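A single chain comes next, written as structure tokens; it is the form predicted on its own.
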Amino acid sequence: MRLSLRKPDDWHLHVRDGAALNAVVRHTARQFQRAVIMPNLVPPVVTVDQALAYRERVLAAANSGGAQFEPLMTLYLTEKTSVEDIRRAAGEATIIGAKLYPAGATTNSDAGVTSLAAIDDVLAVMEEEQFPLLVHGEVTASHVDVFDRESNFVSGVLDPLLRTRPMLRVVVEHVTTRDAVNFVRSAGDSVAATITPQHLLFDRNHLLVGGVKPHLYCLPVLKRASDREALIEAATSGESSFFLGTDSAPHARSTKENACGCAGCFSAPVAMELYAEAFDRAGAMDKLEAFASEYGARFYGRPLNTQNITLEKSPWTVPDVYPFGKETIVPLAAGETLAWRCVDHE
């Protein structure tokens, strides 16, 4: 069985820099036409000039093998971000939004925002310019349970923000809870959400039962089975507010498999296969193309891709590792047999 789809886009992607960038971005370029590149490098990408320079490095690494991949860049919001840089970014066709990392929420987020009040002037300009705010939606207060951080952010931060700035365009990245799904549904056309393959296929039982699985550890952390069910229902619903964003986040095997492993799932080599797995299990393969190839482009005001990819229902085994500079990297679902394979990306 074969299924032809409009070539998809990844609306949330980490590719790092330097040798790591060269090792991983080619995997995305084989399956996806475009991707929104996250700015949490060290140091972070905080200005337009830095974003444009980073874009050139991504382009060089992605297209060295002849791919026609388009990186869409983002700025990392800090409490020093200027309204002038936001206005300039909004005028750049290749810069698609600004990323809000609550300080300390995830990998390389220490330079993030401690209070939305500190960037209110920037948010006002983003609302005026209709320049999207991409949100890592978790609170970081130490007294909040890690499994409740997203729900607390939605009710305590995001809802008040949109009451104050109702025309602000927001993408709630990597939603993981029923609460977040319900919020996006109630928020109107200016709010959307990305959903990752790991949050569609796995829950906290997969992460913790029988021993901790470091390659399933990501932030926001995998939640309850009931939350995963809500995500599957949202992704396969045909609602345009929910679209594909892998949040593929590469870390060397040695930094994942240790006493304090890094957060992030590396899904780029098998992204469309994993989404196909989730949609097929839900009996919703007819909804995959719109989720992967249409809704995100429409939200961001981008043309739909004209090329296609082909998925084939043919069991295969995911490699245990891929090269990663001088080390190796373990992909999501390493060693597992998947039912679907993208046959146009080899």
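As the structure is a prediction and not an experimental result, all values here were calculated from the model. Just count from 1 along the sequence shown to find any residue number.
Keep in mind that the form predicted together with N-carbamoyl-L-aspartate (NCD) is missing from the display, and what follows is about it.
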### Query
Just to confirm, residue 214 within 4.5 Å of N-carbamoyl-L-aspartate (NCD) in the predicted bound form by heavy atoms?
no
#### Entry: Close approach of residue 150 to N-carbamoyl-L-aspartate (NCD) in the predicted bound form, 4.5 Å, heavy atom
no
### Task
Evaluate residue 106 for contact with N-carbamoyl-L-aspartate (NCD) in the predicted bound form, applying a 4.5 angstroms cut-off between non-hydrogen atoms, and reply yes or no.
yes
### Message
How about residue 208 - does it come within 4.5 Å of N-carbamoyl-L-aspartate (NCD) in the predicted bound form, if we only consider non-hydrogen atoms?
### Response
no
#### Entry: Listed residue that, although N-carbamoyl-L-aspartate (NCD) is not shown, lies within 4.5 Å of it in the predicted bound form (heavy atoms), from 124, 118, 146, 263
263
### Message
Quick check on this chain: which one of 219, 157, 184, 234 has a heavy atom within 4.5 Å of N-carbamoyl-L-aspartate (NCD) in the predicted bound form?
### Response
219
### Query
Can you pick the stretch from 86-94, 162-170, 245-253, 67-75 whose heavy atoms fall within 4.5 Å of N-carbamoyl-L-aspartate (NCD) in the predicted bound form?
245-253
### Query
Listed by sequence position, which residues of 2-22 have a non-hydrogen atom within 4.5 angstroms of N-carbamoyl-L-aspartate (NCD) in the predicted bound form?
12, 14, 16
